[in-house]
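Only one chain is included here, represented as structure tokens and corresponding to the form predicted alone.
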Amino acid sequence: MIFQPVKMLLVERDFEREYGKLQQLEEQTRKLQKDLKKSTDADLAMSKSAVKIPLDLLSNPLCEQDQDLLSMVTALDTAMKRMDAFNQEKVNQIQKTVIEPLKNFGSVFPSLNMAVKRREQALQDYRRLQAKVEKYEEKEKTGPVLAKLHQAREELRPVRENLEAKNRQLLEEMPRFYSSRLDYFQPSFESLIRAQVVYYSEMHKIFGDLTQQLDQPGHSDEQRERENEAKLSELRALSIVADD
């Protein structure tokens, strides 16, 4: 039986809907993988820069002259190295349990898109031969025309069956593939959250310890700010930095 126009429209509507959802999923997967890679690269760059700051300070002659400053910078250096180690561990976990699964999931789409292209070619072949059949059906039913009509219908039959098979397969498997994303991605997203929780919990401990080492009893942030302003005023009063 040749596809009726209404049936063809319904099949095309269902196909476009399901394939559209997968195209959106492919784009979202690609974007998420890209954003996560940018995020982890930025995290690594941040911690490496943070580690470099106390190293630069330790090489400053001031640290050789002031034991208290040396102790403070050494404590900062230890904290930054601990932070960098935990950050590297977090990034490795995200790479292994989130970014790599995203990459593997995305690698399926080229095969899916190729199957859709083969279906599109089958559809074009069907439409071409269907138009040929309809052309002979509209002509006067002479012997030669009937012979050509019979031949055109015979040519159409396997092409139609091929298209119907591809439609059945894709309309069955595309929704299943789309639904599978939930079970596939949930462990990765749980791992991403755990990695962040562990990292920031450790950061709370590291910087809590650092604060206890650096805090001067009885000094509030406001007091430190006033002291810094007073010292800056003294520096500005020097003739070598005075405005002309």
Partner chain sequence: IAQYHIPKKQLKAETQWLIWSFSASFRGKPNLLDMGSLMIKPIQRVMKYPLLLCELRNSTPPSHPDYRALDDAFAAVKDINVNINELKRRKDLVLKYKKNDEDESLKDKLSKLNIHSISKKSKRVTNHLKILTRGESQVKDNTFNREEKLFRALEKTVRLCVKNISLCLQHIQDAMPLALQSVMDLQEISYNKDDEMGYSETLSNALNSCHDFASHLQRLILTPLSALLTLFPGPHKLIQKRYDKLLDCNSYLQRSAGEESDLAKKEYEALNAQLVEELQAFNQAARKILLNCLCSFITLLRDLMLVAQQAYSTLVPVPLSVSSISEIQNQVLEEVQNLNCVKENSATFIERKLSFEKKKPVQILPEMPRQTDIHRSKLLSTYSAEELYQAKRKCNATQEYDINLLEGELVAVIEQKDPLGSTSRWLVDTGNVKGYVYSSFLKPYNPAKMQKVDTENRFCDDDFENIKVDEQIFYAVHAFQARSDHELSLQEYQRVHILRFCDLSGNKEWWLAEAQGQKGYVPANYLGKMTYA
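Residue numbers count along the first chain shown, from 1. Rigid core: the largest C-alpha set superposing within 1.5 Å between the two forms. Please read all numbers here as calculations on a predicted model, not as lab measurements.
One more form of this protein exists, namely the form predicted in complex with the partner chain; it is left out here, but the text below deals with it.
Note that among 120-128, 150-158, 135-143, 77-85, the stretch whose heavy atoms approach the partner chain to within 4.5 Å in the model of the complex is 77-85. Interface residue remark: N162 is not counted as part of the site for the partner chain in the model of the complex, having no heavy atom within 4.5 Å.
Among heavy atoms of L235, some come within 4.5 Å of the partner chain in the model of the complex. Contact check for V98: a heavy atom falls within 4.5 Å of the partner chain in the model of the complex. Heavy atoms of L10 never reach within 4.5 Å of the partner chain in the model of the complex, leaving it off the interface. Contacts between 169-204 and the partner chain, taken as any heavy atom within 4.5 Å in the model of the complex, involve Q169, L170, E173, R176, F177, S180, R181, L182, D183, Y184, F185, Q186, P187, S188, F189, E190, S191, L192, I193, R194, Q196, V197, Y200, S201, M203, H204. Once both forms are fitted on their rigid core, the CA atom of Q24 lies less than 2 Å apart between this form and the one not shown.
Residue displacement note: R226 has its CA displaced by at least 2 Å between this form and the one not shown (rigid core superposed).
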